[in-house]
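What follows are structure tokens for two forms of the same protein chain, given separately as structure 1 and structure 2.
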Structure 1
Amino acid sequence: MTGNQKKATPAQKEYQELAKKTVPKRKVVPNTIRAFLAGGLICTFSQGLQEIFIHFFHFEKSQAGNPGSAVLIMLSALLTGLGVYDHISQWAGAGTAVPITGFANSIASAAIEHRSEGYVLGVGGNMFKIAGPVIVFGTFSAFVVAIIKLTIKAIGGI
């Protein structure tokens, strides 16, 4: 035992045992299946959008993902504003949190929550509280990967 750890009292142990008994068990398999299905449907819808932009709007294949992503972001923000996205994400779990739609939902929900504080200090100041770390760590990760790739390329690996 380190200096910061204290021995649990009998009352604390009793409480922990009671808490373990009353906490509902996670349904891992059904939750995983729902997350897989929801994330897969979002990605399939996104692929359909790309195909629409390629065939009907004559986008190049390499550029069709950008307007498809924009449509997903707008739909996610709209569904968040209407209160529908929360119901979908409660059912689907991580399946809606991982794709770009979850990112848009986190920004839109924070903006909606703080709109009573005004547009600048409320909406503008608070909408990136949740999404900000994702942006920071995503950018940092891309930087680290680029440095690793350049280092490997410089020593003749790639």
Structure 2
Amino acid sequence: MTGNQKKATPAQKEYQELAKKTVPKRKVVPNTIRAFLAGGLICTFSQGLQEIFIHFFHFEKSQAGNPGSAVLIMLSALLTGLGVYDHISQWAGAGTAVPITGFANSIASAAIEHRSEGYVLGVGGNMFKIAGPVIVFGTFSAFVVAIIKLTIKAIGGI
């Protein structure tokens, strides 16, 4: 009955088997469809923003993505602050988590949550509680990929 063991005891296994049949599962198919729709909608909206920046604000095509992302970030932070975002994402799942909106929500929600501990220890110290690992491992994997690319180049590849 001890907790920190790698292998489950026969009694634990037996129980988990029994429970498995009762525990409701996450609905993978509807969740995937919702994520596809919501994610697609966000990307289409973002594309629309890019077009606006290109046509009305005379951005270069390669540069127009940046203000587009900024608008999405602002909207996510606003919806998070208004307490709406988490309800949307309960429906949309990965559809709102994967685009930049999910990243903005993770930072904004943590900042709001820890406002009660002050700006330094609370907001500053906890803002990147959820987003931090994404930045750390995102940067690190970019570094690894860049090394691989340079190595291939150096030995006369592409």
Partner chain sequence: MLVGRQSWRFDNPPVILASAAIGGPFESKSPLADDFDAFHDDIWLKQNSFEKAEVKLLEHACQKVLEKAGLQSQDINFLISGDLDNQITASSFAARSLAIPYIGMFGACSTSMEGLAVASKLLDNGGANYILTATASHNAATEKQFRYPTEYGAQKPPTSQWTVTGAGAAILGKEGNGPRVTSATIGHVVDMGVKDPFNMGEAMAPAAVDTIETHLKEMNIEPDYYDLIATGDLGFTGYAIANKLFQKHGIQLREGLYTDCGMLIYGKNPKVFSGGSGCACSATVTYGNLLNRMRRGELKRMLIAATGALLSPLSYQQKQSIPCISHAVSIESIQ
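Basically, rigid core = biggest C-alpha set you can superpose within 1.5 Å across the two forms. For clarity, every value in this text was computed on a predicted model and none was experimentally measured. Numbers given to residues start at 1 and step along the sequence of structure 1.
Two forms of the same chain are shown on their own. Structure 1 is the form predicted on its own. Taking the rigid core as fixed, one finds a CA shift for K149 smaller than 2 Å between structures 1 and 2. A displacement of 2 angstroms or greater separates the C-alpha positions of Q12 between structures 1 and 2, with the rigid core held in common.
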